[in-house]
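Okay, so here's just one chain, in structure tokens, the form predicted on its own.
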């Protein structure tokens, strides 16, 4: 899109701005500004944003006003001033084009306009407009939306009697300080000003004439840098190389000439802080939420962190130094139940909370549980195609990709399965999770298998952490057993299974367990199903009770249902089922456990499918491989360490 570039004489001097609806600015400044300098040629939004940054950097503080006034002395009120500002605008805009890698002719049509009271809004027009600005502010507070998304939201929420154009409403709200309008792809914001002598030197250097270098562009929605940006001809702004972000393209096209609308948080919307004496005791948490001793202890530590403290009685209580807290809970520990006290603490004090999870199916499964736990609260459930897309809930449940559409919206951000795809190793999703949290808010990370980097931070004490080393039924985790076996490729070539593997599978079937059999590659599933079916008689089950599924299987959901119902007794699958599937009585076999695709986290997660039920807490886990790797060793050590910690804290029943 193209916008109007102008400068207005404010209290501290001339400030450059851009407008997406000039009539709004003309009315607003008509009663506030002595002079307005406007470039009558509309400019691409990306160029206008660069020009504003250059202008506001070069002419700092009160010196901007003094410099401009001196340029106009002795030449009447308008002539010299108009000429001086027109020349300055010409230089600024030319520099903006050059920094964007393009050259344009000098501007010949910048002019000075004097704001008169008659140009502004009449008093009777101010009242309804102020009301609409408040409505727009409420709708967009905490949001970060592209132009099309913002207009869609307004169209769905504003009543029919609002006749003001949507762009004009957005511009009015921006002028009132309720919104920030910027380019979706733009140079990274300058760092905040320094104070003292260093700050004075920095300001002098910024104001001094110097040769400018092109600034690296970044997507202001997902944080991606120049390696994720592509440049194409653009019909909307007329440029031959308008940048767009391909990293977040699935969420809508973020362009250099595309408008990004950011709702400004209000101080009145901040949640009341939690006082330390208001933190429920472990006994209170257990009574209200039905938590086990391990769950209550972890929830209590997390609540203390929300209250601005960290540490425990043994290590000493101290003031919180970070905004992130790790809840490290073993698979099947009941993480969902543990977050209920945290959500209640924030919601009961007027705050807003977010629960983000990587997968849509988890969102749909968790939504009714949150509604039941927190009746009477406004809920929003967000995923691709969700009917709640523009809902403004006190409690929001969302897939991680939906976080791009928020900015400083939540007092508490809970990230579930932070080690799972797609959140794991995706810097733009990490950026989105940080961006959607309020500046004084808290992020709680939940994981059974934190990434190694996070584990090192826990060991160094640079991030607060509460461990839950035992499942809700208070029995130890099944420890994997090493099962020497040739590689799957060898087994498929020979069309034979080792006797040890057959006997272990048959033993699981005899005890009535459902059997997970994990393989590394999708292409191995069908052929391995045929091989295992040839041993159906030795396993003691019909061949039809042996099935396989993977991420490419369109019938996966139905096959998982058959597995739950025991119609299928042995399911050959990939890591697609390493998490999120709970079968009451199950054993786990991982063949080719030495494969590099199976890191320690994957091995722990797959092992976590066994022993989850209180009726059958002692499931069996087998690592089948021709060699014993560091990943297998580390996964086994993690499981043993959690069992040892649970025993040390007297959490185990046996």
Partner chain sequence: MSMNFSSWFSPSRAVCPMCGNRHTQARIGIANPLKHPDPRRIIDSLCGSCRHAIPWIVYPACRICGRAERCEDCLRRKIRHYELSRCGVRYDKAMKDWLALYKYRGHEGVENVLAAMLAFAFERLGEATKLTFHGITAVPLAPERLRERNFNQAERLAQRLSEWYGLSYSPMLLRLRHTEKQSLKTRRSRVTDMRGNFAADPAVLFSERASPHRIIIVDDVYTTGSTLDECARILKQAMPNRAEVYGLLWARS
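Positions refer to the first chain, counted from 1. Since this is a predicted model, take the numbers as computed values, not measurements.
A second form of this protein, the form predicted in complex with its partner chain, is not displayed here; the remarks below concern that form.
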query: Contact segment among 294 to 302, 233 to 241, 152 to 160, 356 to 364, judged by heavy atoms lying within 4.5 Å of its partner chain in the predicted bound form; finding: 233 to 241
query: Contact label in the predicted bound form: residue 216 to its partner chain, heavy atom within 4.5 Å; finding: no
query: Partner proximity in the predicted bound form: residue 253 to its partner chain, non-hydrogen atom cutoff 4.5 Å; finding: yes
query: Its partner chain contact at residue 373 in the predicted bound form, heavy atom, 4.5 Å; finding: no
query: In the predicted bound form, residue 249 touching its partner chain (heavy atom, 4.5 Å); finding: yes
